[in-house]
Ligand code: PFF
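A lone chain, given as structure tokens: the form predicted alone.
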Amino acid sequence: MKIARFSRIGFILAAAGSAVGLGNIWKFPYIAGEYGGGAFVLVYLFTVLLIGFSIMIAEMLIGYLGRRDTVTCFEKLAPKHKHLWKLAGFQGLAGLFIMIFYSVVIGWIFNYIVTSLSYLPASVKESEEIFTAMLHTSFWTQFFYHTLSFIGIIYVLHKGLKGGIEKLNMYLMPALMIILAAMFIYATTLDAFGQAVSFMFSPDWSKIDADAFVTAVGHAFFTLSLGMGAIMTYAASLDKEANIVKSAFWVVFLDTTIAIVAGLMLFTFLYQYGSGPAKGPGLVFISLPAAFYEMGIIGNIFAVLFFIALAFAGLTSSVSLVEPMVQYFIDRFGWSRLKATVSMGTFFWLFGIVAILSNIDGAKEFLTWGGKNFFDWVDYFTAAVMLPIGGFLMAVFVGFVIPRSEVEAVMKPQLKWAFQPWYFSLRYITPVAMFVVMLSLMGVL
């Protein structure tokens, strides 16, 4: 079955939309805050360039050469043991599992867009009480917005690559960048902007340890949408004359730039109106709304704009998380796009309800084991096991399984002198790094 083709700019925006998600605007700033700012930013940039960029090229190459769904790509390109290598293509399941909690978090964002129109908490304490009450007692609110997220994602996916995914990213990605740029420009006018720059770019190496490096590699994988088949599925639609390296560069550049801009903006607001660089996942949902309150009426405007931007980032990533398995059922079983889309969407919608219940008082006790509830276990399993395995398999597949002559034929004209360092990194550095990350996140190391 022939896969629809993206336009060149459509592919870059779709791939960037996949990469630019909640990890950039929600997760990166609070992780940077936990590890002292500047030092972690430098470590993160190093891992993105050495490992993330390397794997992104490899993942694009597999899709570019395979031209089909992830399972078929591995099966088609493996010279031998095809029945085993096709199993590597099921890394697309990682995206579907991530959507179980990702859709719920997007629902939280929708809720905050609505409430921020008229109300912001006057203190961090009040903000924490509001968020905690929503998380532990407001099942129907979370259910409603989770369902709204599900409907929006399914609608876009059933329209296909050109009519749905490309069109979504052609509108939302520029809108996201305009909103963040406007808020960033305002942040530069505040006295605290210098403090934010210092925090983000002045290294405090005392905060850096082995755990920081592991976190940086893991986050680079998560935020670049690697190891889950999304980039591979999109790359299958690349035109034969496309330049993989340039496409990968623009995706990494946009992804990293938005993460840095978001971090500078958020820390400026927190220094100016809050108590400094808040730490932990509560930065966006607890600390930031209280900081927006201190701005007065402009705070409501900025809060709404910020959560809209966050929703845009989440939605563009969401469609890429589901698309690999949608394409798999279309290619391998001849399903219609509507049937495949609704089936995959129903999966994450139903288990998303379980994820909501695992935080609700009276139900969470039955959905908690080993110190984690269902929501946390899905997050942990995808980050600690599925994504590192996906990255490891792609590095090994391109580095050792696909004949070097085939890899060179496509990549050497594009990478030129950098081909050998990239190929060496893919074979000997990246697989080891991914294996260490997996063992560390699993608590073995």
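Note that residue numbering follows the sequence shown and begins at 1. Keep in mind the model is a prediction, meaning the values are calculated, not measured.
Below: the form predicted together with 4-fluoro-L-phenylalanine, not depicted.
- Shown without its partner, this chain lists Asn359, Ser317, Gln142, Ser149 as candidates; in the predicted bound form, only Ser317 has a non-hydrogen atom within 4.5 angstroms of 4-fluoro-L-phenylalanine.
- A heavy atom within 4.5 Å of 4-fluoro-L-phenylalanine in the predicted bound form is found for exactly one of Trp349, Tyr273, Phe222, Phe110: Phe222.
- With a 4.5 Å cutoff on heavy atoms, Leu22 counts as touching 4-fluoro-L-phenylalanine in the predicted bound form.
- Heavy atoms of Ser18 reach within 4.5 Å of 4-fluoro-L-phenylalanine in the predicted bound form, making it an interface residue.
- Taking the partner from elsewhere, Cys73 is found to have every heavy atom lying beyond 4.5 Å of 4-fluoro-L-phenylalanine in the predicted bound form.
- By the criterion of a heavy atom within 4.5 Å, Leu266 is excluded from the residues contacting 4-fluoro-L-phenylalanine in the predicted bound form.
- Along 368-405, a non-hydrogen atom within 4.5 Å of 4-fluoro-L-phenylalanine in the predicted bound form is carried by no residue at all.
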